[in-house]
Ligand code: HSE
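Next up: a single chain in structure tokens, the form predicted on its own.
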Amino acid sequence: MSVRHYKLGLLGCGTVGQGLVELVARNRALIRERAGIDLRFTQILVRDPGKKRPGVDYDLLTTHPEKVINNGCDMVVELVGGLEPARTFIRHALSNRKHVVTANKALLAADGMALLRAAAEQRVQFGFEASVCGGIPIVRALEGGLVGNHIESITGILNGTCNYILTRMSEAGVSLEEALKKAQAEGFAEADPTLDVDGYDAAQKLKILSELAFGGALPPDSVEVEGIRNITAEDVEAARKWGYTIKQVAHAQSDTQAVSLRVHPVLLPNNHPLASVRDENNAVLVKGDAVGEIFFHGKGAGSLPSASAVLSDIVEIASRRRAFPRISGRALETSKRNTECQHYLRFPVEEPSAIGSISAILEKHHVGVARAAASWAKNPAMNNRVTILTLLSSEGAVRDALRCISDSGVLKGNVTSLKIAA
């Protein structure tokens, strides 16, 4: 087999960038053997050239992005992250007819379709497998393997930080705050975990997958987002006793009229495929009209899993096995579904006897009660509480009932309301 020499310009050498350099060095001979491609880096953009980066050739480092893009490379790999200057770097590379590979989920969620169109206009490739779910090849599946399917829905655990936190809360019985500290100590959570814990990281990934799956551009803020900050150890324990596991779930569904997208904490039955996904792992269920449901599962983050996804894009593009994508110019309509489902409700109350009036208000609004429990607080710093599992009820009816319960004066704080997946 003849070997083609292929030159890479790398923008950013943080966690994933160093992982990519390590992976290329470790598996260079294997890539030559399997794909007939010999990869090497021509220049690497960094902020601090003096920082120690084991395994990275110091002579390749630069603080000037134009030296990376204009140094004779065949492809630019963007691992800077964020909106700017990453967007400017990528557009400059595309205008110079360089293939581009990125792992930048924030930029793709904001401007992905425009960048794909810019790449198509220049007849160059644009790879972004690593932007969603790390090493899981979900982007490639949607772009290629499932191209003959009408995708009906995507349901997944797309954020490893939240999944790690909820796993610790479930298995170790700790609070969210304790689980978050553990996640930060293990490197699964940032010092500022807002994007993860409040659901926005998963929302960005869901938007990227949905635009691929449903064939069009979605408007900004098209995802309804609810984070996990209000989940308590008591919620996790109550769910466990009733046969459920709490997970942060991203869900997108399409019909002939519109697409609905939501990220929120959900009670999953213990036999649900996503319920057993532990720690920092990600998983995605894709439902197509021909294949039915397909389950993808694996490491969703980390240096080497993400670098593996970046490298797969690089090799596929370099070996010319990738077709130029057809970019749809249509705008997708979105809708908020008033679906019927069961709900888990937790009410902080002055007296557990409030269970009677709470149940009566729910029934008045046609929200049936399947199970109910009242309990005294374990210590003076906590509230007494009433927990309820409803029967199938519309989201609108539950909202109306909760508004009336809040106005009734029996509560000592905010209600926690979680949907229960079928």
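All residue numbers are counted from 1 along the displayed sequence. Since the structure is predicted, the reported quantities are computational estimates derived from the model, not experimental observations.
This next part talks about the form predicted in complex with the ligand, which is not shown.
In the predicted complex, none of the heavy atoms of K247 sits within 4.5 Å of a heavy atom of the ligand. Among residues of the shown chain, E129 is not one whose heavy atoms approach the ligand to within 4.5 Å in the predicted complex.
The ligand is not shown here, but in the predicted complex it comes within 4.5 Å of a heavy atom of G300.
For K207, no non-hydrogen atom is located within 4.5 Å of the ligand in the predicted complex, even though that partner is not displayed.
For the options L142, L311, V259, A189, the one in contact with the ligand in the predicted complex, meaning a heavy atom within 4.5 Å, is A189.
Listed residues V263, L158, L79, V100 were compared with the ligand in the predicted complex; L158 is the one with a heavy atom within 4.5 Å.
Contact with the ligand, judged by heavy atoms within 4.5 Å in the predicted complex, is confined among 226-234, 146-154, 197-205, 90-98 to 197-205. For the partner-free chain shown, just K105 of 104-119 comes within 4.5 angstroms of the ligand in the predicted complex, judged by any non-hydrogen atom.
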